[in-house]
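Shown here is one chain on its own, the form predicted on its own, set out as C-alpha cells.
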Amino acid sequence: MVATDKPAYKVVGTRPVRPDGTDKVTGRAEYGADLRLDGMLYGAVLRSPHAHARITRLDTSKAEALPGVLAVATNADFPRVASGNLNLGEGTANPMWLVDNLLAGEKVLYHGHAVAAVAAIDQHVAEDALALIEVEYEVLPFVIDVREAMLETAPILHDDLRTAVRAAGVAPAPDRPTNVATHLRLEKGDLDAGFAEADVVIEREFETSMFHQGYIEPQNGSAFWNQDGNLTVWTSVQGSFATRDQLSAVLQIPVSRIKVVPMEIGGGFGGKINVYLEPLAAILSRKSKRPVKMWMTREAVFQATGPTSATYCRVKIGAKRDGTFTAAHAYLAYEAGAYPGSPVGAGAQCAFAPYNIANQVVDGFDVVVNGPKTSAYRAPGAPASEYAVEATINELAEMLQIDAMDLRLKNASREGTANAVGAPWPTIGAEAVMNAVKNHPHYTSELHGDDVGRGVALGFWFNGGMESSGTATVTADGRVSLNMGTVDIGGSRASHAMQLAEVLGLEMDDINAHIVDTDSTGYNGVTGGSRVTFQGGWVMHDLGMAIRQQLQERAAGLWDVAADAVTYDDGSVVGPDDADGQPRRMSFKEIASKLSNSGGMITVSATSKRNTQGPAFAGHIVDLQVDRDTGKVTILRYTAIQDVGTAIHPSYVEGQIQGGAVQGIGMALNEEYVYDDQGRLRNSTFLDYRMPVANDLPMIDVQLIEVPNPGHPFGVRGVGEVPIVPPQAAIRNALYDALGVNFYQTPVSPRVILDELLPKD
C-alpha cells in the first residue's frame, strides 16, 4: 500500500470482521426469494418468442378461468403514463418506456420481452396458466447490430423517436423516424489544429459485445397492495428509494403510499436498479387482494434484464515524435437495447480522462436495437470507450518506439489540467498510479516461455455523489444504533460503522448498523456509482459530530460548567478541572449511562448531498499465455493498482478491485451475447454464457495507492467501478505481445484467436 499524506486513524484502515457475516454464513439472512407471507400467491411472466413483432391479439380469458389463478395482468392494467425523465442514480428512465418494458404494449421489441403476468396459488399453476394465454403476432424485421441500426434502411423500433442532438455546432437531425436517440458531443480546444501539429496520426476501430453483470441471485419482487391504498414491496435491489420512485411513476401513486423493504441482495453491479417484477407483483396483488411473490428464471435474467451495451468505437490520436498528444477524436456508438438510455454519456466523459489532451472531441450516439434495455454495469460506459483508447495508445507507443508507460506518463492528467469538458482536475492520483505501474516488479520483471505476453492499460471513473441519509441513537449501554437506507452490497454496513466509530472514538463493534426500509430513514440514492462510502461517510461524520456536540452539552450540565468549556477527545468528554484540581473526564459509556437523567436519550439524523467526490484511476498489468492449438488463453499473473483515496476497510477494497478485474477478464476473453438469425438469444445459461471461474484465474494481486480526496473527511474515493475498466485493453495488449496480432473486438475467445492463427483456405 502506498499512502500520500494519510492521517493516522484508530478504526479506519483496519480489517474488522463484517457485521453481517454471521447471518449470511448461517443462512439466517433473508433474500428476496426467502420471503413468506400469509396467503401469498406466486407470479409468473409470459415472454415473447420474437425479436420484433406487433401484438395483433392477446386473450387471457382461458388463463383467468384456470382454477387456482387469481389474477392476470397485461400492459392495459397500467395507467397511461406521460413521457418524462426519472433519475435512477446510475442512469435515467422514461416512465412511459419503463411501463412498456414491464409488459409490452403494441409491440414486443426483443426476444424475452414480457407480455403478460399471472398470479396463482402455486408456481406450477401459474406456469400452466401462461400456456393458456393466446397471443398472435405480426412478425417484423429486426436489427441487433448498432451500426446497422443507425442506417436509414434499418427497421425502426419506435415511429415517434427522433434524434436529440446535444452537440454545439452540429446540424440538427432530420425530422424522421430513427433508431438514433441521441447524438452528444464533448469538445475541447481546436481538433483540426491539433491534428495539424501531429507528426504521427493513428486511427483504429473496435467492437465490444453485450456483457451481463452475472449476479448469482436472479431478480425478485414481492408486493402487497393493501385495501387502504398502501403498497408494501419486498425486493433485492440496489436502491430501495429508486425502486419506490419507479413504482410511483409507473403506478401513478404517491411515494408516501409506498414502502420498499430491502432484502439482502445476491449481487447487482448496476443491474438491479431498474424494476422488472415489482410493479407486476403490485398490480397482481391489487387485483387478487393477496400478497404476490415473483422471481425470474436464469433464462429470463439473460433475456430481459439489462446487460451493458454492445459498442462500436473509433479512436483517432495525433502525437508529436516525442510522444506529446496533440489531438484526439473518439466516435462512440452504444446500443441502448429496446429503449433509449445507454451509458454512452459516461463513456464519452471517461474515454480520454487519464490524459491531458488539449484538443479533443468525443461524439457519442445512443442507439436502440432489438435487444433487452441496457442497464448500468460497473463504471457504465467506461470499459468500452477506454478499451478503444488504451488499445490505440499501445499501438501508438510502438509506432513511436516509446515505452507504453512512458508515453502515458508524458501525457498524464494532473491537478489543474482540464478534463473532457474543460474543467480543471482536483487532486487526483493518475500520475501516482502510472508511476506505480511503471516501477512495479511485475512490470519490470522478465517474461519466460513461448507465446507469452504482457499488457498494461489504465482506467478511470469519476465516482458519484447523490444523496445519503442516516439516523443514529445512543443507547444506555454506550453503543450506537445506526439506521441506513443504502443497500449493503459491498460492505457498507462495515464502512459506515467504521467511519462513525472513528468520529466518536469508539470501536466498530460499538456501532450496530442496520439497513432499513424507505419509511424508516431519509432518502438514499442507489448503491452504485462508487458513491456509498463517500457520501455515507459524510453522513457518518455529521452524525458523529452531532452526537459529540450533544454529549458535550449534557456533560456541561452534569458538571455545571459552560458548554464551550467541554471538549470531546478520543471517545470521552473532557471538562475543566474541578474545585480540587482533579480533571473531569467521562468515557462515552459513562456519559451514555447518564443520558436518561440529563435530558433524555440522544437520537440524531443527517442528510448529505455533497458533490466533492474524488475521481479515481487504476492501472492493470497482465501476463498471459496462448495455446496456439486450441486458442485458449491462460492468465499467468495479474496486478491491479488503484488510487483509492483512503481504504476504509482494506480487505473490502481489495475484494472490490479483484472482483472488478475478474469481470473485466471475462469481458476480454469469453463473455458475449449470441443471437441467431431470428434474433433469439441462444446462450441464456451460465453454462453457455461463459464467465470466469476460480480455476480460470490466478490470484489477483492488488496494490493500493492512497491519494486522499480533500473533499471528504477521511479522504475517501470510490473504488468499485474503476477496476473493471482496464482489463479488456490490458489483455488485448498482452495478446499482441504474445502473438503479434492486434485484435479489434472483444471477447477474444478461442474461436476468434483460431480464426487469426489458422491458415486461410
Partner chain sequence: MTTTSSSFIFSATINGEQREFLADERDSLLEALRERAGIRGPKEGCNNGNCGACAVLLNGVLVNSCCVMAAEVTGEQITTVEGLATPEGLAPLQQCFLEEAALQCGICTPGFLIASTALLAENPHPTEEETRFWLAGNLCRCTGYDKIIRAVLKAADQTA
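Only a predicted model underlies this, so the values are computations on that prediction, with no experimental measurement involved. Positions refer to the first chain, counted from 1.
The same protein has a further form, the form predicted in complex with its partner chain, not shown here; the description that follows concerns it.
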{"query": "Listed range touching its partner chain, judged in the predicted complex by heavy atoms within 4.5 Å, from 604-612, 245-253, 564-572, 118-126", "finding": "118-126"}
{"query": "Candidate from M586, V662, A300, A432 lying within 4.5 Å of its partner chain in the predicted complex - any heavy atom", "finding": "V662"}
{"query": "Contact assignment for its partner chain in the predicted complex, among Y339, Y276, W295, F142, heavy atom within 4.5 Å", "finding": "W295"}
{"query": "is_contact(W559, its partner chain) in the predicted complex, heavy atom dist at most 4.5 Å", "finding": "no"}
{"query": "Heavy atom of D510 within 4.5 Å of its partner chain in the predicted complex", "finding": "no"}
{"query": "Close approach of Q213 to its partner chain in the predicted complex, 4.5 Å, heavy atom", "finding": "yes"}
{"query": "4.5 Å heavy atom contact, S598 and its partner chain in the predicted complex", "finding": "no"}
{"query": "Within 651-680, the residues that have a heavy atom no more than 4.5 Å from its partner chain in the predicted complex", "finding": "S651, Y652, E654, G655, Q656, Q658, G659, V662, Q663, E671"}
